[in-house]
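One chain follows as structure tokens, the form predicted alone.
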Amino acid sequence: MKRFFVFFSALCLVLAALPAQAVQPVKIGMITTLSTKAGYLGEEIRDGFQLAIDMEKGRLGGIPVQLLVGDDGRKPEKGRQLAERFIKKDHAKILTGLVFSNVAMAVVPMVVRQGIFVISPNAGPSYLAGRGCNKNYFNTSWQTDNLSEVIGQYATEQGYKNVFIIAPNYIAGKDNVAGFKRYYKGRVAGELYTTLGQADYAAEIAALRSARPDAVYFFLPGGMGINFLKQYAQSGLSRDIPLMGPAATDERLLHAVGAAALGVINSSQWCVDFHTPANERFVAAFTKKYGRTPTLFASQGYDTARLIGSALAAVKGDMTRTDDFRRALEKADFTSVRGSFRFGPNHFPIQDFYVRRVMAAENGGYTNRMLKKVFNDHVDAYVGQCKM
């Protein structure tokens, strides 16, 4: 009996000395756009998100995570396939990465009904902010109309009486135009909807030349904006008719377009020249890791990861505690690189918005510089339609 007791005590000491079993990482499925000419938008979101993980050495909020990334190719059906794979095969409880609203509308309603959380770092269509809101859907960027509401308010303040509108014919295009019109008080000189992914804008430029507007509002994300800006400058119209657009000239686009983007007014909730400790740390870390200046899309990916980390910490990585995880997301207990950040009752941000102007950078190239704040604690127009 004595020998057994000695043996048992020694065994306990040996077991106690062994390392604890590794905690299984929380799997996060990222459905984003990495191909097509808009693919750099997804790259920026992915890289910003991954940076937050790397800065915590593979963790978010102190909890080990595994990021699974899939390219939706800007196609709704591919987005649905990726969502099903991440949920059924990989057992991911959190999905993120959505760039385009057409993909979001194909993915989000299907996913949230299964009790899976979707935290969008970009796509924020009006339906999901209003009648289609859901307790498991969060957006960390803006409701799609918001950035164009900023441009509409700015155009009104500048006294533009006659603005021409160009946008692609899909959900986000129509939401953005609605946002612009909500705050623009002048006359619409013309209104054209292009195809999604269009490359040639000769017909649109000819039409706006004929209309002779005071200014042009354009929403053409990714490669569409690159082509439009180059063709607009080549037409000679940029000397006489100013351009304005929501998030129209991110740093990756500026690198591709160059001087053709000089002077373009664009809206954002973030700028690289925000002088806050959180933003300066983010910009320095991103630039060091990737060798380029981050865009607002990278900042949104980073903030999304930090938000998820705050909620994972609150539940100690236990994703069976869904109600606690949701409440932790709603608290948004993290320091955003954009400054003030909180969620409205529809899980969309309430935040400040700014206009920026494209200027030559001191070290060469071109960059966005803050021009002015347009809205304080801005709330989206659809929150009253949300019944959660």
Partner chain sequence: MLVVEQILNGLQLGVMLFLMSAGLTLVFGIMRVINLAHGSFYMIGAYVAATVTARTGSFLLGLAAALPAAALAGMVVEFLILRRLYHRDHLDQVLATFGLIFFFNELTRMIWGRRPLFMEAPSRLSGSVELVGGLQYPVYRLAVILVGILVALFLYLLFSRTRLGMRIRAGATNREMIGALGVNIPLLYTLIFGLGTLLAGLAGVMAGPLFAVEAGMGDSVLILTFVVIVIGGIGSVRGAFIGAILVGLVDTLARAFLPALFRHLLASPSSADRMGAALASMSVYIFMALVLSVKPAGLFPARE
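Just so you know, these numbers come straight off a predicted model, no measurement behind them. So that the term is clear: the rigid core is the largest set of C-alpha atoms that superpose within 1.5 Å between two forms. Residue numbers count along the first chain shown, from 1.
We do not show the form predicted in complex with its partner chain, though everything after this point is about it.
- Comment: 204-212 is the region of 137-145, 304-312, 83-91, 204-212 lying near its partner chain in the predicted complex, near meaning a non-hydrogen atom within 4.5 Å.
- Taking the partner from the other structure, its partner chain in the predicted complex has a heavy atom within 4.5 Å of a heavy atom of residue 200.
- Residue 39 belongs to the set of residues with a heavy atom inside 4.5 Å of its partner chain in the predicted complex.
- Mapping the unseen interface onto this chain, residue 223 counts among the residues with a heavy atom inside 4.5 Å of its partner chain in the predicted complex.
- Among residues of the shown chain, residue 257 is one whose heavy atoms approach its partner chain to within 4.5 Å in the predicted complex.
- Heavy atoms of every residue among 192, 195 and 231 are located within 4.5 Å of its partner chain in the predicted complex.
- Site annotation in the predicted complex: the residue of 276, 169, 114, 287 reaching within 4.5 Å of its partner chain with a heavy atom is 169.
- Though its partner chain is absent from this view, in the predicted complex it lies within 4.5 Å of a heavy atom of just one residue from 333, 352, 56, 43, which is 43.
- Core-superposed comparison between the shown form and the other one: the C-alpha position of residue 286 differs by less than 2 Å.
- When two forms of a protein are overlaid on their rigid core, residues whose CA moves 2 Å or more are considered shifted, and residue 212 is one of them between the shown form and the other one.
- The two forms, fitted on the rigid core, differ between the shown form and the other one by less than 2 Å at the CA of residue 136.
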